[in-house]
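Taking the form predicted alone, here's one chain by itself in structure tokens.
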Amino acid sequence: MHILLEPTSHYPIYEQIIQQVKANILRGVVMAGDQVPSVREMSAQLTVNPNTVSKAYKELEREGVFVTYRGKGTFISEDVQELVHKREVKLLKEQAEQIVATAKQVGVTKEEMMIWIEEMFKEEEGEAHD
């Protein structure tokens, strides 16, 4: 599992770990049933305090992304793909609601927003083909 932390980010390290784990799952870098590094191994790999990694792992386990088997280790949950996808879509909808509310407040029309979204999708599609 590849995790890159951004020390200058305004997000705490443990939240960056959580988001990067989920991104690795969505991209298929790690799959359901894969074993994840121990807290000690991950903290050494990332050069962060083990308590920080432990906090991220506990949150991922609480969310059902990780499952820990006593004496065997921590693994990616079997239904993780659907679970992470649903959570990310829910978060995306919440963000879209905030954007639409702000757009209305500042006088941006639905048509303008749609044009921006179309342009952004085209840019992303163009980058994917490069």
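Start at 1 with the first residue shown and count on from there. Owing to the predicted nature of the structure, the values given are computational and were not obtained by experimental measurement.
Separately, the form predicted together with the DNA exists; it is not shown, and the next lines address it.
Asker: May I ask you to choose, among 93, 104, 87, 58, the residue with a heavy atom within 4.5 Å of the DNA in the model of the complex?
Answerer: Looking at the other structure, the residue within range turns out to be 58.
Asker: Please determine, with the chain shown alone, which of 93-101, 77-85, 63-71, 23-31 has non-hydrogen atoms within 4.5 Å of the DNA in the model of the complex.
Answerer: Stretch 63-71 is the one.
Asker: Taking the shortest heavy atom distance, is residue 49 within 4.5 Å of the DNA in the model of the complex?
Answerer: Residue-level check for residue 49: yes, a contact with the DNA.
Asker: Against the DNA in the model of the complex, would residue 45 count as a contact residue? Criterion: heavy atoms within 4.5 Å.
Answerer: It does not: once the DNA is placed as it appears in the model of the complex, residue 45 has no heavy atom within 4.5 Å of it.
Asker: With the partner left out of view, is residue 13 within 4.5 angstroms of the DNA in the model of the complex by any non-hydrogen atom?
Answerer: Residue 13: yes, in contact with the DNA in the model of the complex.
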